[in-house]
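First, one chain by itself in structure tokens, the form predicted alone.
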């Protein structure tokens, strides 16, 4: 990011007066409203997301968590409410929340133009669901949102409205192995067992004109809360949805591990200390239903729909790694 861009973010009180940004935030309002309407029509209950708690999602790709003193006890600011979705699913079978998240991203993430240190996502969970069922839900939701935004925000979209298409269903699916092989043929090396690097993911995204899924990541690439495939050891029941045109990851989710013994084993294997997750493990001992779900970043969805170069133009008050902006 250039020095001029730094200064622009620090003077957001001036740049917010730009009509282009105003149009973006009107579109964002329509995006959030259309997601709510869609999920309500699918029988979901909206809940309030936690902001702090004893633990939060550790699977945040090199970002750091924020810890505060909560009456003498160290509490985490939520990097994701995934553990709490497993809690609520015992009483409400289909839930979603507009969830705020804090992740102190490495400085180099600024170069991706799609990382914020403060962001929001629609986090949803469905009891007894399979990956295939929530993936289909995600496809239907994205198509509904784009269709509604094109209908309601024609003026605000401007020229982007001509190139923004409602995706064709079903979306193409690649396994992790297939995606790695495609990248290899593109001249990009991905170490098996690790997350697909951001630059490789962007290259794969640029090679597509429609959204697509990457499924079945290796167990070493993801957090302990994803369920291992019973027929394919070391492979997870999980998925990412990737936007086309170079916009990168849209959705991340999968089926949850809900069995106490299996989850404790996974914690040790992933380097997590089970003693840090007291309430969570007690909950699993008490028993919770199996479930599947995902999170979709609101700012990234806004960036894709509006065709924005930078994600910090998809949020009124952006927080970007290394920039102490308002």
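Residue numbers count along the first chain shown, from 1. These figures come from a predicted structure and were not determined experimentally.
The same protein also has a form predicted together with another copy of the chain, omitted here; what follows describes it.
Can you pick the one in 91, 140, 163, 130 that has a heavy atom within 4.5 Å of another copy of the chain in the predicted bound form?
Checked against the cut-off, the match is 91.
Which listed residue (221, 146, 183, 102) meets the criterion of a heavy atom within 4.5 Å of another copy of the chain in the predicted bound form?
Selected residue: 102.
Within 4.5 angstroms, counting heavy atoms, which one of the listed stretches 80-88, 231-239, 184-192, 250-258 is next to another copy of the chain in the predicted bound form?
In short, 80-88.
Given that another copy of the chain is not shown alongside this chain, does residue 113 nevertheless sit within 4.5 Å of it in the predicted bound form, heavy atom to heavy atom?
No, residue 113 stays farther than 4.5 Å from another copy of the chain in the predicted bound form.
My question is simply whether residue 98 lines the interface with another copy of the chain in the predicted bound form - judged by any non-hydrogen atom within 4.5 Å.
Because a heavy atom of residue 98 falls inside 4.5 Å of another copy of the chain in the predicted bound form, the answer is yes.
Please check if residue 40 has a heavy atom lying within 4.5 Å of any heavy atom of another copy of the chain in the predicted bound form.
It does: once another copy of the chain is placed as it appears in the predicted bound form, residue 40 has a heavy atom within 4.5 Å of it.
I'd like to know if residue 26 sits close to another copy of the chain in the predicted bound form, meaning any non-hydrogen atom pair within 4.5 angstroms.
Residue 26: yes, in contact with another copy of the chain in the predicted bound form.
Is it true that 44, 117 and 298 each have at least one non-hydrogen atom within 4.5 Å of another copy of the chain in the predicted bound form?
Checking in the predicted bound form: 44, 117 and 298 are all within 4.5 Å of another copy of the chain.
Quick one: name the residues from 273-288 with any non-hydrogen atom within 4.5 angstroms of another copy of the chain in the predicted bound form.
The stretch 273-288, when checked against another copy of the chain in the predicted bound form, contributes 279, 282, 283, 286, 287, 288 at the 4.5 Å heavy-atom cut-off.
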